[in-house]
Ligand code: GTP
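Before any questions on how it binds or moves, here is one chain, the form predicted alone, in structure tokens.
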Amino acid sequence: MQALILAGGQGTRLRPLTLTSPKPALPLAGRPFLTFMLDWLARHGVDEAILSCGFLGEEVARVLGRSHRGVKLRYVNETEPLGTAGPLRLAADEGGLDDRLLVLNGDVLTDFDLSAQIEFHVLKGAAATLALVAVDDPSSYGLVPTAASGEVEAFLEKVADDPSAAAPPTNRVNAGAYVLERSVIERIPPGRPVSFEREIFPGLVGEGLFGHPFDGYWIDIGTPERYLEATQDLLTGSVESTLPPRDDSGSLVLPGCATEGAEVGPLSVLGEWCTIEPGARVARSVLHRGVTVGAGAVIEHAVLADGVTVGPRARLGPGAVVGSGARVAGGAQVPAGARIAPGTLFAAPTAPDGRRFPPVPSAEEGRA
């Protein structure tokens, strides 16, 4: 079975992390994020994955290589963004696609029964079958109501986009995992951006488009908040994975770390070669490779990219995200939700004009 993974986005909602690392290669629990999806696909018989890359595509190929645990990897590069369906047409025009394949959004962590979706697709003789997941608040998603047979009845725009819309008819939304026949690929116009959700699937309603509901773990890691949530779900075993053993606090501390005299945990990840000095505390946070946290500093519910340095007695509030190579000065108080750009300095606990916190540089300012 073949799968095409849409991995070409810039990951703007994850900035500043994705200013220096493409989202598919971003570390999640100490591993490139996309390897979790590749493991899942391998468990369901996929032996070749085609990665549609755009932003920092060469870095994705360098990190992931040509195979992963028995899954052959092939790359298709978008020279300009082609939407969600355009990359499939590009891959088809380059040749080597099966008559039936999977198409998956590359920013999802899940472990649902993909084999059951494929079996459902074959049983129904469908042209396309979409995985549908129930969400607590469907207002921010496109809704996909289905008949009792599973046939899709409509594609509805996000309720949040239409304040006058009636109550949603379903809480099942598109989970970004499709089984497609070649007839669907042939509907995709070549040479321009094309959207599955706005162009292709609405045109297939009544013509062999089915939805397959599932109940299981599913999360889009497109924001720092959900990135942290997915990390903690992996650490607690809420989603199937092959992570190495965690310590007594549920934390994952990778080789080369120095933590003597520090408090690490609960539910934290320390990438290789991190140094947490005595008296420092790291809780429910993710530190990528080579991060240094000074004595007495406190990191809570935060994400620190490669090579970040946090000075002694500094504090990072919940939701703070620090870009690669940035520095937080000793004693600095980083407010909740702050975004610190790669290579910049967050300097003082009190600004010269008396404000409690200095301005935080935007993702575009001070880019390394």
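Just so it is clear, the model here is predicted, and its values are computed rather than measured. Don't overthink the numbering: it's just position in the shown sequence, from 1.
There is another form of this protein, the form predicted in complex with ligand GTP, and it is not shown here; the text below is about that form.
Residue 105 is the only one of 105, 292, 231, 146 with a heavy atom lying within 4.5 Å of ligand GTP in the predicted bound form. Only one of 265, 271, 211, 83 lies close to ligand GTP in the predicted bound form, with a heavy atom inside 4.5 Å, and it is 83. When ligand GTP is considered in the predicted bound form, residue 324 lies well away from it, no heavy atom lying within 4.5 Å.
When ligand GTP is considered in the predicted bound form, residue 3 lies well away from it, no heavy atom lying within 4.5 Å. Although the partner is absent here, residue 52 is a contact residue: one of its heavy atoms lies within 4.5 angstroms of ligand GTP in the predicted bound form. Only one segment in the set 74 to 82, 253 to 261, 126 to 134, 238 to 246 has residues whose heavy atoms sit within 4.5 Å of ligand GTP in the predicted bound form; it is 74 to 82.
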